[in-house]
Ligand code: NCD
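One chain is shown next in structure tokens, namely the form predicted alone.
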């Protein structure tokens, strides 16, 4: 007699990066137990009828800001991961620009305690990589991180941008560990100078933010980071790619064999300079939403693999922090973790891409890039049962007042969508069911650092690292 499983999802359409097919999914002890015909499923304690729905691997959003600790009025791990659950996102990677910044083992341990007590979905924590935290790289890795975040340009929290010399040393230190370094790739000195001049000229309207950060800031930063990565062997990931122009240094680095990956976000694919007048400061984000001409190249880069994944840069703020008249006083960023999947699948419905493409960008490739595959990012036997069950024929209107995030203001308000996650499952447990948050799942999210397995590190030019050239030498004159 077949063993009893915990849950069978029946009647739906399973989606992988290669195919969509009718199948049932059996779950036992938090893992995918079987995928196949309904009659092949073992007896189950619970059956979920997914007729008419699509069964996707839960999305992995590698770029969120849940503001916890330090800014709970904007977001915390409970509200942020609840928003993720409603968006079909089953794993998030949270950025380190909280208060305090996650740059020491103590700050990291505190953040782990906070996340473990509140999270509805699984998570990874970034540590900041800067001039002051290079010394803590080993201890931060031991404390449990998914990777490092290096701010080449300023953003919320005003974390100092390291000099190129410090970047090189940081890359040298991280390269042998195999961890990936995610980059805010904008050149700070250009932006600071331009913003100063714009302020002096009295430019305070929303689009002045775009003028302060032209695409060249990203082109230069991506090219420079790629050179340092190539020299040291450090793995890097370019966050929030916003312009067509930065695709060239990204593609050229990949062609040279640099271990470099990249992401873009829905706002760069769907919004443009035309939206500044409509939304004012609400649209302010770093890097900025750019000219319409950038959209098609970004879509093309996703489709051809130059850009690897989709993420959100979920960055919540309060309405009063987004609606100030002077753009330089408006906080940068807006929520997105709950709306990414509906927005992207609506574009799938419009023919921009296939649902298989979307699963590749949102689940499989993030898992592979961060060493979580096949435990995460796929619906195969033995994988974690991280699942988004989605209605692709649900017409609805995004309403900021109804989303789970504490931030009730975004440029997505009023936008029409044709897809909606109905159920979200993390390691076999419902965290959102029939569009209702499962309160008993609070605190059930786990850090994924313990299951991360990165490929062997391949550091380069190790004889010329800062550590090598400053080490005491036998016979040296003192």
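Small disclaimer: the values here were computed from a predicted structure and weren't measured. Positions refer to the first chain, counted from 1.
Keep in mind that the form predicted in complex with the ligand is missing from the display, and what follows is about it.
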| query | When the ligand is placed as it is in the predicted bound form, which of 445 to 453, 31 to 39, 57 to 65, 416 to 424 ends up with heavy atoms within 4.5 Å of it? | reply | 57 to 65
| Sole residue of 359, 285, 238, 108 within 4.5 Å of the ligand in the predicted bound form, by heavy atom | 285
| Proximity to the ligand in the predicted bound form, single hit among 333, 162, 281, 144 (heavy atom within 4.5 Å) | 333
| request: Answer with yes or no whether residue 386 is in contact with the ligand in the predicted bound form, where contact means some heavy atom within 4.5 Å. | output: no
| Is residue 302 one of the residues lying within 4.5 Å of the ligand in the predicted bound form, judged by heavy atom distances? | no
| Though only this chain appears here, would residue 174 touch the ligand in the predicted bound form if you measure heavy atom gaps against 4.5 Å? | no
| request: Give a yes or no for residue 376: in the predicted bound form, does one of its heavy atoms lie within 4.5 Å of a heavy atom belonging to the ligand? | output: no
| said: Under the 4.5 Å heavy atom criterion, name the residues of 115 to 136 that approach the ligand in the predicted bound form, in sequence order. | reply: none
